[in-house]
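Below, in structure tokens: the form predicted on its own, a single chain.
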Amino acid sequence: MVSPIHETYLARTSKSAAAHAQAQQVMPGGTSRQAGYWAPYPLTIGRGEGVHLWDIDGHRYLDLINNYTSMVHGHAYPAIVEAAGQCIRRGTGWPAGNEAQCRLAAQLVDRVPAAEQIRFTNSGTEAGALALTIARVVTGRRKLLMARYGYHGSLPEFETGSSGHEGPVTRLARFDNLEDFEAVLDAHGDEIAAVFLEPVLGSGGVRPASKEFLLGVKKAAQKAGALFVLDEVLSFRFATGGCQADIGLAPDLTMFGKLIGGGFPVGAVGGSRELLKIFDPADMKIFHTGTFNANPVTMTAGEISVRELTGPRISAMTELCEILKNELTQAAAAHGLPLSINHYGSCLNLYFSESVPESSIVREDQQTIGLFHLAALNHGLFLAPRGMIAVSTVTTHEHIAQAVELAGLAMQDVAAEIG
């Protein structure tokens, strides 16, 4: 039987259903991005502006995920649209330098002292691949160590760890458990080229690590002769200098992505001059290139995105998320639903259970979160299928109040359906 929530979704999204059916004919599963899929089919979005999205059936949604944190200034941010538009009219790429890449690199170097130089890529996945290549060349080793259920992109070496399994070159340890990481490094340190860590698990459920854990893992990695790589692809939105600035942590390499592209594909690796000299054509150890690496459009948009992500705006987003967390908790209680929330900075992750799991991958509330996601969409609220939320700098107190109202309606539908 089709549930009432599913029936409503099917009835109001017929054009998205047709678009997905057409997409399935030319793309496996009808998508090239798994995080953009949910059953019975994803919406097809026609446009976005500010805090809103519109699907091709004409429905408007309050966006609370902002392309999985990358649209930190919301959709079609005027300053970015204007600058990127001017850049496009001048040309979108050439196999030579452009001034915008220097300006964006300078911003990142200024904000992140451990990153004395920057190497750009086209995605966070590419940044992870490049960081691993650097570590392998520098150390002469092949393997990596990462947190179980961590996420560093779609490279096979990282994908196994993201799913919670070790692979031929991938060792795992429990997130925020220093003893576990130390034990793996004591036993296998001479095989490991790099330790990769997120300061806050993103796809793992917005779980922050302690300062003591991160500093301890860096020390253990150095003792083992491995590089320590901090993945700030998502967490760079939490402070002007990323989480490492708040912690007082200086990683060997830093991964960047998402917001530093201003809404365009981007990735980057930052590190010391000594480490990154392996790219210097005068004594090159790694040949690294890419047709669209540091293209002027992305660099121009990213320059504005980073420049306008200020300390006060970061604090304002954090405050809004705190309010949202508290009011969603009250709404769930009013409808008799258990709700636990992970919260860090401008991001949340919802779990319709009495406690938060180790990861969003191993949760007990799959049915409930799936129903809530569709019910939220039915009421015009757009968030990640796994319950992740990320606000933007253009989100206001009024938007948060509206989000709580819409989420309450969705919770009411879920409570009625599950009895």
Ligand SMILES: Cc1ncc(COP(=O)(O)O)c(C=O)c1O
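Just count from 1 along the sequence shown to find any residue number. Computed from a predicted structure; not experimentally measured.
What comes next is about the form predicted in complex with this ligand, which does not appear here.
- Think of it this way: in the model of the complex, this ligand has a heavy atom of just one of Tyr151, Phe181, Phe213, Phe238 within 4.5 Å, and the residue is Tyr151.
- Residue Leu234 is the only one of Met146, Leu132, Val269, Leu234 with a heavy atom lying within 4.5 Å of this ligand in the model of the complex.
- From the list 221-229, 102-110, 286-294, 250-258, the contact stretch for this ligand in the model of the complex under a 4.5 Å heavy atom rule is 250-258.
- In the model of the complex, this ligand stays beyond 4.5 Å of every heavy atom belonging to Asn342.
- When contacts are judged by a 4.5 Å heavy atom cut-off, Gly262 does not count as touching this ligand in the model of the complex.
- With a 4.5 Å cutoff on heavy atoms, Thr329 does not count as touching this ligand in the model of the complex; it lies far away.
- Shown alone here, Thr125 lies within 4.5 Å of this ligand in the model of the complex, counting heavy atoms only.
- With contact defined as any non-hydrogen atom lying within 4.5 angstroms of this ligand in the model of the complex, Glu198 is the only contacting residue in 196-213.
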